[in-house]
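Next up is one chain by itself, shown in structure tokens, the form predicted on its own.
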Amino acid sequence: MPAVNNVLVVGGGLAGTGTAIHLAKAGVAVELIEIKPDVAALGSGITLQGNALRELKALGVWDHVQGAGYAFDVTGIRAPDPNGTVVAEIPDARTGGPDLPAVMGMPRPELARILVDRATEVGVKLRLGTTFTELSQDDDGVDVAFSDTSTGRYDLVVGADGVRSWTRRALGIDLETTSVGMGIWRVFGPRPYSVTRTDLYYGGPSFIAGYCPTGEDSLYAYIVEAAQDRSTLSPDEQLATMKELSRAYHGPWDEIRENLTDGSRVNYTWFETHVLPAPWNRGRVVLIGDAAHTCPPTIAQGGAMALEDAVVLAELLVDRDTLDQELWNAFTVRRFERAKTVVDASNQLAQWQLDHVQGDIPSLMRSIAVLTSQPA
């Protein structure tokens, strides 16, 4: 018998929907609340490493993901020269196992839709445009008041509500999320025929210029610069700024740049990082995903870590009879050091670029591939 009978999940991202699906499949009554009215309305693209694909397969959505995304097994390194010269082609580790691609790009809204549809299919009660206003827990459960004036009582509340988690704040946890010192421009657009993998351009006026195919007809492109306040720019000004930064990069970038015409599809954010010290729970409320750990996307493991949190938490809740300290200790053992190692590696890659240091990137990437090749 599972350690919980009914669970409230706060947040409809990867960590939240992943947890909800696993628990509902095991017969737990799950409600998922999401403050946004449509979880599939926002975002550009996402890069999913093999270990993320392994968890999506376990959620029962691999066929849909495979049909919606674009898989590849090699990453290219190009020079910021007039030809965009390929200087290296690096095979990507198949961290999800030999039966899955090494990497897949896909539209983030499409992945969100697939996961929400799967959650509904397995019986999760989904409440969009809703959040909680109060949490009050005792030894046996958590009483929750919602923004629509309803109330409920749950055996467990899972806070999977992102970097600026309201659940974390409601628990009184003071966690500092810091800027790494880099900002990233992202844009969603048409995929040129020549783009069949991620290529990274290092150097030039920006730290990185890259792109990732996300489907037969789409890609997302990105440029990483020193963090700046870009908040006053209009969508058209954002598009013009990104296109201007991209003019230093050629090869496929020349066609990508010409195809970028919609300023509403450009967004700019800073790289941020934090790791919540263990434990990640306070009584019967637990934080997972970006609410507990977040890292710059330098090794594209943020989504994978969120999905791993979900599968480990759900597994422990289903396989054990009691929600006790022993369960939380097991969760900490399986998640804390692994997630922290990934965050630290992501930050190290960013710091090497900020310091203009030629660090041992191959060795660092190999160590993360070895770690993530083992199921969480």
Ligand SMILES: Cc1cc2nc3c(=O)[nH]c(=O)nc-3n(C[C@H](O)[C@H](O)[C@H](O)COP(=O)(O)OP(=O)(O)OC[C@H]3O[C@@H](n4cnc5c(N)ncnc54)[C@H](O)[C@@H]3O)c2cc1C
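Position 1 is the first residue in the sequence shown; the rest follow in order. Predicted, not measured: the structure shown is a model, and the values here were computed from it.
The discussion below concerns the form predicted together with the ligand, not included here.
A.B. asks: Is it true that 158, 274 and 281 each have at least one non-hydrogen atom within 4.5 Å of the ligand in the predicted complex?
C.D. replies: Result no, not one residue of the spot touches the ligand.
A.B. asks: Tell me which of 294-302, 148-156, 202-210, 81-89 has residues with heavy atoms within 4.5 angstroms of the ligand in the predicted complex?
C.D. replies: The contacting stretch here is 294-302.
A.B. asks: Spell out, yes or no, whether the shortest heavy atom distance between residue 33 and the ligand in the predicted complex is within 4.5 Å.
C.D. replies: Output for residue 33 is yes: heavy atoms within 4.5 Å of the ligand.
A.B. asks: Even though the ligand is not shown here, does residue 28 get within 4.5 Å of it in the predicted complex, heavy atoms only?
C.D. replies: No - in the predicted complex, heavy atoms of residue 28 and the ligand never come within 4.5 Å of each other.
A.B. asks: Taking heavy atoms only, is residue 188 within 4.5 angstroms of the ligand in the predicted complex?
C.D. replies: Taking the distances in the predicted complex, the answer for residue 188 is no, it never comes within 4.5 Å of the ligand.
A.B. asks: May I ask you to state whether residue 166 is within 4.5 Å of the ligand in the predicted complex, using heavy atom distances?
C.D. replies: Yes, residue 166 is a contact residue.
A.B. asks: Check each of 184, 285, 256, 114 and return the one that places a heavy atom within 4.5 angstroms of the ligand in the predicted complex.
C.D. replies: Selected residue: 184.
A.B. asks: Heavy atom within 4.5 Å of the ligand in the predicted complex: which residues of 9-24 meet that condition, in order?
C.D. replies: Result: 10, 11, 12, 13, 14, 15, 16.
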